[in-house]
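Shown below, as structure tokens, is a lone chain in the form predicted alone; questions about how it binds or moves come after it.
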Amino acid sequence: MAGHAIEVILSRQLADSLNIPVFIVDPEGNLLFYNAPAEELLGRRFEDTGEMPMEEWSTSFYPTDADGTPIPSDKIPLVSSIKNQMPAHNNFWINSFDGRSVNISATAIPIVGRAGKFVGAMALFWDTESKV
């Protein structure tokens, strides 16, 4: 994470301390990190996927509504938070890398630096079917 704003680095440290899945992206939406609980839910370690552009991660999990209709990327909270620099929330279905269909609830928040500059966003999400 060298070369990233201190707020993004600190967000990664926070994500490592949480027991719920977390995604962290830069201002362009490039995936910078996801934590161990996200690895478990998504079915693949971050070391195996690495950083990804928004166009890849926002469609890799085939997000759909409850009827199986694909949802537009701007309805994915993390994409919305990046584009609008505002918090966003939604419930939807994804397919994990290991083939499971998972109903998730996701909340995304912008990461703003001390100088008021938008430096990225963080999404916290969880399987709505599991007990936390």
Partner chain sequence: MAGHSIEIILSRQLADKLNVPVLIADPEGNLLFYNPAAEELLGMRFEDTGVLPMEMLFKYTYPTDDHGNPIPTEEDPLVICLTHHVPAHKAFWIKSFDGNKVKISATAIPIVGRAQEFVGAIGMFWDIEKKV
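Only a predicted model underlies this, so the values are computations on that prediction, with no experimental measurement involved. Positions refer to the first chain, counted from 1.
Only in words, not in the display: the form predicted together with the partner chain, which the text now covers.
Interface residue among 38, 104, 31, 88 relative to the partner chain in the model of the complex, by the heavy atom within 4.5 Å criterion: 88.
Within this chain, residue 69 is remote from the site of the partner chain in the model of the complex, having no heavy atom within 4.5 Å. Using a 4.5 angstroms threshold between heavy atoms, residue 59 stays clear of the partner chain in the model of the complex.
Proximity of 53, 55 and 95 to the partner chain in the model of the complex is absent: no residue of the three has a non-hydrogen atom within 4.5 angstroms. Heavy atoms within 4.5 Å of the partner chain in the model of the complex are found in one stretch of 59-67, 80-88, 41-49, 95-103, which is 80-88.
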